[in-house]
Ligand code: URA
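As a starting point, one isolated chain is supplied in structure tokens, in the form predicted alone.
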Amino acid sequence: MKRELAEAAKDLAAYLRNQDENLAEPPCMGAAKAAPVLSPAVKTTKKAAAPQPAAEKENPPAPAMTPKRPADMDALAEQVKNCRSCGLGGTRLNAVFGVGTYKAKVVFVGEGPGFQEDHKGEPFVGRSGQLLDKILETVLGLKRSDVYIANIVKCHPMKNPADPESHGNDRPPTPDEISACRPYLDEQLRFIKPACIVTLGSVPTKVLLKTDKGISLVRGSAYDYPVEIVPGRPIKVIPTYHPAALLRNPNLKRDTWEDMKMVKAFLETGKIP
């Protein structure tokens, strides 16, 4: 019995030494040592693979990934909610994505959220929004739920971001803020596929038409949107004054009325009068 135990211990020690030697060598070296010698005829028909670490074979580097386009408007809204592409994302109270039907024939685009929009998370909810609702109903015979309303930027640009509860804290968005947020608007337009965009005021008009002319110089006409949203079908852009401008200067109401009549005719006939 003692002799059998001694021989078993000797065999175990030899086995362990063999394992230690194999572990001390790189995987490729161990494989070469254990491989049988090929005959000359076999060597001429097989090429040795270039040495490659085992980990690299099993887990090759992943290709560079590009951000996926959102599957629907709800997914896009979630992206906007979580966006921190510019400083506005860290100071606003609520992201203001948009409101209305995703099947709208006309999309109204403003500059950016103000105090009340920032607090409620919906565009055009203050005095300007009430006037816009009245224009929609009086001239177009439509309700807010029949159109879609959005802004160039989705967060409130503030003069003093440290005091979001202060009234009169609005400012125009900067070019960098507009550039960071602009892709969201085009994605909204791609989902909705409207026939017409109505820009409200100088800022959205300049951005969407790529012009440096003010609203008073470009309103009264319709333009093709320079970004292709629907292949083969350009979207018409009809600029008009922002409702806030009408509250400050009632004399602009006549021009706005004419612009909205143009929108109505286009929606009904597909042609610009």
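In this text, residue numbers run from 1 along the sequence as written. All values derive from a computational prediction rather than experimental measurement.
Heads up, the form predicted in complex with the ligand isn't pictured, but that's what we're talking about next.
Proximity of Thr199 to the ligand in the predicted bound form falls outside the 4.5 Å heavy atom cutoff. In the predicted bound form, at least one heavy atom of Phe124 sits within 4.5 Å of a heavy atom of the ligand. The closest heavy atom approach of Glu177 to the ligand in the predicted bound form falls outside 4.5 Å. Taking the partner from elsewhere, Gly112 is found to have a heavy atom lying within 4.5 Å of the ligand in the predicted bound form. Checking 116-124, 184-192, 154-162, 79-87 against the ligand in the predicted bound form, the stretch whose residues place heavy atoms within 4.5 Å of it is 116-124.
Shown here without the ligand, the chain has only His242 in 240-259 lying with a heavy atom within 4.5 Å of that partner in the predicted bound form.
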